[in-house]
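Just one chain is shown here, as structure tokens, and it is the form predicted alone.
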Amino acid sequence: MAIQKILVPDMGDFKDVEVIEVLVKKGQVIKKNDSLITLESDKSSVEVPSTQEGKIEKINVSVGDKINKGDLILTLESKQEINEPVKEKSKKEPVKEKKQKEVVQVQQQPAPSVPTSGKSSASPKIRKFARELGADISKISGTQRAGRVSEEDVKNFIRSQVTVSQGEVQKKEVTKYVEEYSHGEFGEIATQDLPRVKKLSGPHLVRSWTEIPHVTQHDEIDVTDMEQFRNSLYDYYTGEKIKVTPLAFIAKALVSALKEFPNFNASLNHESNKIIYKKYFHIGFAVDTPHGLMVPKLRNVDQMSIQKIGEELKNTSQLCRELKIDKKEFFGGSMTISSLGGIGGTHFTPIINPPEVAILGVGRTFDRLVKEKNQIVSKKILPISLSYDHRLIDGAEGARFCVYLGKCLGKDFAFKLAV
């Protein structure tokens, strides 16, 4: 059978990158673009996909190896050979027929489950720390990149297992809720692993929803003039129309609102009970990718033009989809925008992305007939949903913020935004 080699692709500045996960095993049948290994540098974590289809013959890397561009990851038997149909029975070729039957039988076997490596769950220092506290590292869910366990994860695990009463440490009784009937008893079901990005974001969302007292206010903004202005933009020299996403205008308007209401551009320090006010304006935006939802930050939006914001939004979204974005770009934000306008819907309840204290949800613009100067006219209406931390921001300030944002996206300000 034909043997294919899968090599480490060109990943830019990556050099001597550590293998932190091997996601496949020998004998497994894989498809093109299936993830093979996970690499982690000081900048980011990246999954390397397969460029071929076939059955894995040999894996040449293991967790902890340092690899570079062109290094051999694994070899596999050609997928074309595996999918080759069995020929009709022939007396002249009994041996060949037997081999083909064996190949087809291999193809029909289910792919083995992907093993998880305990080596990548925590560093030696964290493992030692867990042992000293009597904690089983394999039972601790990691909240760091690639599911790694941090010192804080170990501490939270210990807190969840014990209580202190009158100076004595007592083990907590954990109640596990089990469904009375399994899902399979009611019909056909299918089970698959939770995507890796969702595994990483899950604990972060639970923390946000359980620790932050959310308040969500819904409003509607008249963006008729802004939309007319946006659709009228063109290049002065070429005469070509300039296409700018509405999200770029919203991001620029949001910066103006953050300057007017600094409580929204802040974070809470729970240990010192102090407010941290940020002098920068780094706007986060939710990106829908095949791997799950990601929230990168656009730096210094206050210093960008509308057209520049649009270009950066496009470039950053592409880096997220290709898993090439630096993990640091997911931190250090002022406030986040979650836009569903490209899909549909009106109002929803966006969850705050801590340590930020607010998030702006944007729905799809719709038309509404209104009476204006004794005439019925059509207006473009933008639905928004503002969630904020009620410990820092009250309802009156939230309402003022929405009103101000509406003015920023109105006629007079729309022209200023393009500068």
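Just count from 1 along the sequence shown to find any residue number. Given the structure is predicted, the values throughout are model-derived calculations rather than measurements.
Only in words, not in the display: the form predicted in complex with oxidized coenzyme A, which the text now covers.
Contact with oxidized coenzyme A in the predicted complex, judged by any heavy atom within 4.5 Å, is made by just one of R299, R321, K308, K259: R321. Put simply, of S339, T224, S201, S208 only one has a heavy atom within 4.5 Å of oxidized coenzyme A in the predicted complex, and it is S339. By the criterion of a heavy atom within 4.5 Å, R230 is counted among the residues contacting oxidized coenzyme A in the predicted complex. Contact check for K66: no non-hydrogen atom falls within 4.5 Å of oxidized coenzyme A in the predicted complex.
Using a 4.5 angstroms threshold between heavy atoms, L293 counts as touching oxidized coenzyme A in the predicted complex. Remark: P246 counts among the residues lining oxidized coenzyme A in the predicted complex, judged by a heavy atom distance of 4.5 Å or less. Each of V287, S317 and L382 comes within 4.5 Å of oxidized coenzyme A in the predicted complex, counting any heavy atom. Of the candidate stretches 47-55, 388-396, 358-366, 25-33, only 358-366 has residues with heavy atoms within 4.5 Å of oxidized coenzyme A in the predicted complex.
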